[in-house]
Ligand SMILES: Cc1cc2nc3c(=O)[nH]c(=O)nc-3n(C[C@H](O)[C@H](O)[C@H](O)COP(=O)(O)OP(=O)(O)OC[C@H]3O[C@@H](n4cnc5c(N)ncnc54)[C@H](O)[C@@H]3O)c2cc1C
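Take a look at this single chain in structure tokens; it is the form predicted on its own.
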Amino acid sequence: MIIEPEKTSPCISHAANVVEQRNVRRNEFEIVLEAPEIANAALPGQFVMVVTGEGYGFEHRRPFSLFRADPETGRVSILYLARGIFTQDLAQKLPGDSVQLLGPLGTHFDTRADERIAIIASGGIGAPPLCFLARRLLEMPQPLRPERVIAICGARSSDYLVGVTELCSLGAEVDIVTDDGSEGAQGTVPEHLERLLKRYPEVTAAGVRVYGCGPMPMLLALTNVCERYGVTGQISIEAPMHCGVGQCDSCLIPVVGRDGKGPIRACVDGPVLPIGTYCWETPATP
């Protein structure tokens, strides 16, 4: 398969004021930011680099997928788990504070597909861009909108589930799976996807497109399931990103391209790739 990167939106540096900091559940937070230029340009699957602290070096910036982007209000939001030093600092931001955003960055999910069923498969903190995608899919006018949007939300345990509340409120069909069975069914996202495809053969006959985001082992297993059943789709690759704009080559990932196998920069040529283009047998650059 040949990679055809989606056209990316213009990158904007923006000092964004905090509008709201909301505790969704447990250690899951949504921070809402005033960023009209980014809100107007962003597409599902793209991300922003968030800069906090006193400096602008790599240690002060992190990539976060966009959870919402509303051109009408000029606001964007990020859904995250406050579990590390950077995200705990972000959770302390209050209305009136500001953070520096760089974005929107990267490629995006394709919402123009004509498959009748969209299956959104998220693992842990991979949920936010898929929530953005689900919102866009469910808001599309008929007959462009998929007949069904099924969301599989998975995590190690209930404490690490993200996006469940949002996906339920959007009207997606939500299935929860956890490794330890602490919430929903016990199992993994790829296992549940295969159960769906086996249980409902009419689903594959109707035409299915899978969108995945989560830890790399999950995405590998998800890719294997999709390839066994002949299902197409896209995945958002997880890679370390220091600059976010293609200047440092910290996020090189191996792919199948026009000239065979070779590396691309996940921050500008990804992170969203067609299923089947990532070279799983070749390790990504650390």
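Values in this document were obtained by computation on a predicted structure and should not be read as measured data. The first residue of the shown sequence is 1; numbering continues from there.
Below: the form predicted in complex with the ligand, not depicted.
Not displayed here, the ligand is approached by Ala239 to within 4.5 Å at the level of heavy atoms in the predicted bound form. Under a 4.5 angstroms non-hydrogen atom cutoff, the ligand in the predicted bound form lacks Arg156 among its neighbouring residues.
In the predicted bound form, none of the heavy atoms of Pro190 sits within 4.5 Å of a heavy atom of the ligand. Among heavy atoms of Thr87, some come within 4.5 Å of the ligand in the predicted bound form. Of the residues given (Arg83, Arg195, Lys93, Arg148), Arg83 alone sits with a heavy atom within 4.5 Å of the ligand in the predicted bound form. Only one of the listed residues (Val174, Leu101, Ile117, Leu79) places a non-hydrogen atom within 4.5 angstroms of the ligand in the predicted bound form, and that residue is Leu79. With the ligand left out of view, the stretch that reaches within 4.5 Å of it through heavy atoms in the predicted bound form is, among 136-144, 121-129, 177-185, 163-171, 121-129.
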